[in-house]
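Starting off, we have a lone chain in the form predicted on its own, written out as structure tokens.
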Amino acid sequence: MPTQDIRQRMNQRLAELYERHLALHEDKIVGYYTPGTGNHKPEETAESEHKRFAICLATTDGEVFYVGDHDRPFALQSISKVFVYGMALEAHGRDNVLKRVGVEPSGDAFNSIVFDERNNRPYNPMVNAGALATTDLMEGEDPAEDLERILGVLRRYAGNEDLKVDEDVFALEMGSADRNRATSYLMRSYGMISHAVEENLALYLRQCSVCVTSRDLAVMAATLANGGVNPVTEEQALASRYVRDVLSVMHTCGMYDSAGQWAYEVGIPAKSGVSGAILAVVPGKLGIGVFSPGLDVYGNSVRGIKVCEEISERLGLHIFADDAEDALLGPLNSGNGT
């Protein structure tokens, strides 16, 4: 476990990182997400959102560090796809899931209505079409049971029994889900989903409308970093044999159609959501949760990306970094900056 001196140093560096990035990047913001519209709202209408910002780190030892609006709730949105994909793998096995959802980056926007026509399946579970297919793989007797199972799993990942659907967000999303609805009906016509379209769509949008904080997000990431075991509660959230599959798809497909740039610059598995959150995983070491709702053209958090780039660079976390193996604790012990 970290010593008190290391904890103080980590908190200080997080505070410095937060202050530095709070003052930067607003010139690169395209807009802010409006629940239910599927669009970015103009920057001038989102004045109250400009300074919303939090950085949280959770280690596989169960230590949690945070700075900023760490207790402000936001909808998981696309980040929920990670955890439901893991549930599908546990329920059906990797080979059966692979028949229904591929693992190839699509290169298209997350809401594109495109499929892998050679294999009659969505390209991957991180785009909307793939997520609709993995939601369709839930095994409950009815959607209410499926939702309770999803909530139970999300609560184990976060170590927070209070996680629930924000019904206001859900109502907005459901009321303007025409593109996802069109995707669903087309998928059903091809045999890619089997449940009633409206029931499956509602379940998908409810999972996206579950609210978390950036602290929850960091612990969820640390659970994946810890082989599927929550490092704070020590509860198993995902069977360890499927963690590799989830992280692999996150690494290649998790950041919308800028996943390649992320892999090149940051080099760790991650998933973003249009609410402004990024979940990133350093296997065996660390989970990262960043929240800042200013988005770039791809729908990723502008500050979130820059914070993760800096953390990865300074701690040598990129999967291909020469010093990645021992870099996490090295800078903390030596007093170098985060």
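All residue numbers refer to positions in the sequence shown, first residue = 1. Nothing here was measured: the structure is a model prediction, and the numbers come from that model.
Keep in mind the form predicted in complex with glutamic acid is missing from the figure; the text below concerns it.
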Open item on the list: Give me the residue from 262, 74, 204, 115 that has a heavy atom within 4.5 Å of glutamic acid in the predicted complex.
Closed with: 204
Task: Heavy atom within 4.5 Å of glutamic acid in the predicted complex - the one residue of 213, 200, 128, 230 that qualifies - done: 128
TODO: With heavy atoms only and a cut-off of 4.5 Å, decide whether residue 289 touches glutamic acid in the predicted complex.
DONE: no
- [ ] Would you please decide whether residue 304 lies within 4.5 angstroms of glutamic acid in the predicted complex, comparing each non-hydrogen atom pair?
- [x] no
- [ ] Would you please decide whether residue 56 lies within 4.5 angstroms of glutamic acid in the predicted complex, comparing each non-hydrogen atom pair?
- [x] no
Open item on the list: Even though the partner isn't displayed, in the predicted complex is residue 136 close enough to glutamic acid, meaning a heavy atom within 4.5 Å?
Closed with: no
- [ ] Name the stretch, out of 22-30, 309-317, 271-279, 58-66, where some heavy atom lies within 4.5 Å of glutamic acid in the predicted complex.
- [x] 271-279
- [ ] Quick one: name the residues from 72-109 with any non-hydrogen atom within 4.5 angstroms of glutamic acid in the predicted complex.
- [x] 77, 78, 81
